[in-house]
Every structure is written in C-alpha cells, then in structure tokens.
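Read the single chain below, which is given as structure tokens and is the form predicted alone.
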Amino acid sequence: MTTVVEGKSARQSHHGRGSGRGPMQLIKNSYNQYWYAWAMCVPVVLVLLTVVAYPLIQGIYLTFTDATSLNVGRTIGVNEIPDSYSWVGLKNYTEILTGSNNQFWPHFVWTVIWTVACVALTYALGLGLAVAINRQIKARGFYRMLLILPWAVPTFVTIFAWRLILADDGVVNQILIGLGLDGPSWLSDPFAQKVAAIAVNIWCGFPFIMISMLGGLQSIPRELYEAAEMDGATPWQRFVNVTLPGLRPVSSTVILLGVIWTFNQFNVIFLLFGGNSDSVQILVTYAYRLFFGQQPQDYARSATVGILCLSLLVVFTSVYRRWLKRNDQGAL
C-alpha cells in the first residue's frame, strides 16, 4: 500500500517538474491527464481546419496572384488545362486601395454607414421593445411571440416579401399615395435603395437584440430599482443609472456581434437588389460580383477584398475589446 502511494506521489512529482519544461511538455502533461477531452475535440478541430483554415489559406494565397477564370486550371472534355496564373506580390492590394479605377473606397464608406446605422437603430429598437415587454402588461406573452416572428421566418422569405412590399406598386407606395405623397422607387433609386436596405435589415435583426436585452433586464435585481425609487429617482434616471449599467455586458456582446453580422450581411443586399445596383453594394457583395458577376471572373481581386474585410473586422474587434476592458477597469 505504501509502495502505491509513493509511486503515485512520484508520478505527480514528475509531472510537476515536467510542467516547467516548456509548451510541449505542458501539452503532453495535459494530454496524459485529459486525453478524453482532447479526443472529443479532434472532430471539431478537423472540421474547422477543413471549412475555415484551408479556404482562408487558399484565399490568402490567391491575393498574391493574378488568378482569373481564364488562367485557373480546368477540365474541358478529356483535356486537362493546368494553372497558368503567376505570383504578383502585393499588386492586388495596391491596385484595390490606390488604383485609378478604384471602387473599394466608395463601397467601404457605404459599408461603414450601413453598419453603423443598422447596428445603432437595431439596438435602439430592440432595447426599447425589450423594456416595453418587460413591464407587467396584459397579453405580454402574445406580444413577445409576435415580436419574435420576424426572426423565426427564414431570411430569404422575409426579404422576398419586402421586395413585393417595396415595389413601385407595392403596399408602401400605395399608402404614401393615399397620404398624398409621391412614393419613391425603393428598389431602383440610389438613395431610396439605401433607406430600404437599412429598414429591411433592422426588421430582420431587431428580434435578436430584443431577446438578448430582455434576458439582461430580467437579470437586474429588483432591489436596485426599489432603492432608486426610495431615493426619489425618476423613471429616466432609473433607466440611465440602473438599467443601462446592468445591461452593459449584454450590450457589449450584441453590439460586437451586430457589427460583424451587419458588415458581412450578404442576404439583404443581394436578395433585395441583386448584383447590379452599384450604389448600394457593400464590400462582401462587391467581392461576390468580382468573383461571379463579371467575365473573366477575378478570383484574385475578389479574395483580396475578402481578406481586407477580415482584416478590418479583426482590427475593429481588437480595438473594441481593448476599449471595453479599459472602461471596465476604470469603472472598478
């Protein structure tokens, strides 16, 4: 019995000494102790490597080439045509960012405006509705179910329905004409297209914000509101000094997710307007048009725009998280 205890102690001592030998030894010790957790992670890692890492590496490689549909290898009948594209270094990046026929920056400016407007308005609407249905009102469950419906309906169904509603002879213009106003061409006029795109995206996205905010509201202790009432705080003061600070963790998460989703929101723009409305195209739909919407298909420039989008989101996420961390430390 004594021998077993000593042996176990010896192994623990050996592992303890091994933990200081570097990262590989730490991984080995972790594997020896948690091998079942490592085994369960293997399928996830393989899937991520297949559907994320490989396309990403392939996309980064294409940005340094002049690959198009004319020089990429393909099979025609029994003939095998090999790749004939070449390495061009940073040429794609310099042409997209500084070239004479530059279309990146106009699309970038609209993408930023689109993202900020959609996230701000969606957050404001979701928060307002969450506060409203968090109150003790009649048929509160019915209102909650009704407000979740836009999120439950598949996105493409919602967008096609909005195409009919926003058509020149659609419901919206019929209502405006009934009020004595001229209805714009929501699906063809450049400015009206942008307004319609933001409105449809808000319709598709506000239920997620509302549900998240509702969960956050219900986690705020009622004692804080009661104490504020006893101190004579008005409803607005309770909202500013109790509700908003209580929602801070939820708000920071949904805003970050909202920015990433909206920046890459392909469905609303493409399904609502197609690929030919240049003024309303955001960066991801611009990249799609470079890849599929022209001849020859420009694989290299499309991949370059995609990598630039990824880089912008990585920078934004890093700055945003650092800003949140600094504010949290300042609040303590």
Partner chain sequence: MTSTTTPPAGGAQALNDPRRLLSRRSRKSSVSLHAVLAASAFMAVFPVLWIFYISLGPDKNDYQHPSRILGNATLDNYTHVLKNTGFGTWMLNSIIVAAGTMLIGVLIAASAAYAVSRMKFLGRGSLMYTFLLTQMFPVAVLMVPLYKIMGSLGLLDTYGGLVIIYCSTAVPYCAWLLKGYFDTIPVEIDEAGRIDGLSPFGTFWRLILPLARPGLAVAAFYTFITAWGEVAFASKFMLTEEKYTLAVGLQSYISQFNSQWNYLAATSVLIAIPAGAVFYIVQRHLVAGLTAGGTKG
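Here the structure is a predicted model, which means the values were calculated and not measured. Positions refer to the first chain, counted from 1.
The same protein also has a form predicted together with the partner chain, omitted here; what follows describes it.
Using a 4.5 Å heavy atom cut-off, state whether Leu313 contacts the partner chain in the model of the complex. Answer yes; at least one heavy atom of Leu313 falls within 4.5 Å of the partner chain in the model of the complex.
With a cut-off of 4.5 Å between heavy atoms, is Thr317 one of the residues that contacts the partner chain in the model of the complex? It does: once the partner chain is placed as it appears in the model of the complex, Thr317 has a heavy atom within 4.5 Å of it.
Contact between Leu271 and the partner chain in the model of the complex at 4.5 Å, heavy atoms? Within the cut-off, so yes.
Considering non-hydrogen atoms and a 4.5 Å limit, does the partner chain approach Pro296 in the model of the complex? Outside the cut-off, so no.
With the partner chain left out of view, which of Thr234, Thr98, Ser219, Ser188 would have a heavy atom within 4.5 Å of it in the model of the complex? Comparing distances to the partner chain in the model of the complex, the residue within 4.5 Å is Ser219.
Quick one: of Trp110, Phe239, Phe104, Trp261, which gets a non-hydrogen atom within 4.5 angstroms of the partner chain in the model of the complex? The option sitting close enough to the partner is Trp261.
Choose from 151-159, 176-184, 115-123, 189-197 the stretch whose residues reach within 4.5 Å of the partner chain in the model of the complex, heavy atoms counted. Of the options, only 151-159 has residues within 4.5 Å of the partner.
Pull the contact list for 286-302: residues with a heavy atom within 4.5 Å of the partner chain in the model of the complex, in sequence order. Heavy-atom contacts to the partner chain in the model of the complex: Ala287, Tyr288, Phe291, Phe292, Tyr299, Ser302.
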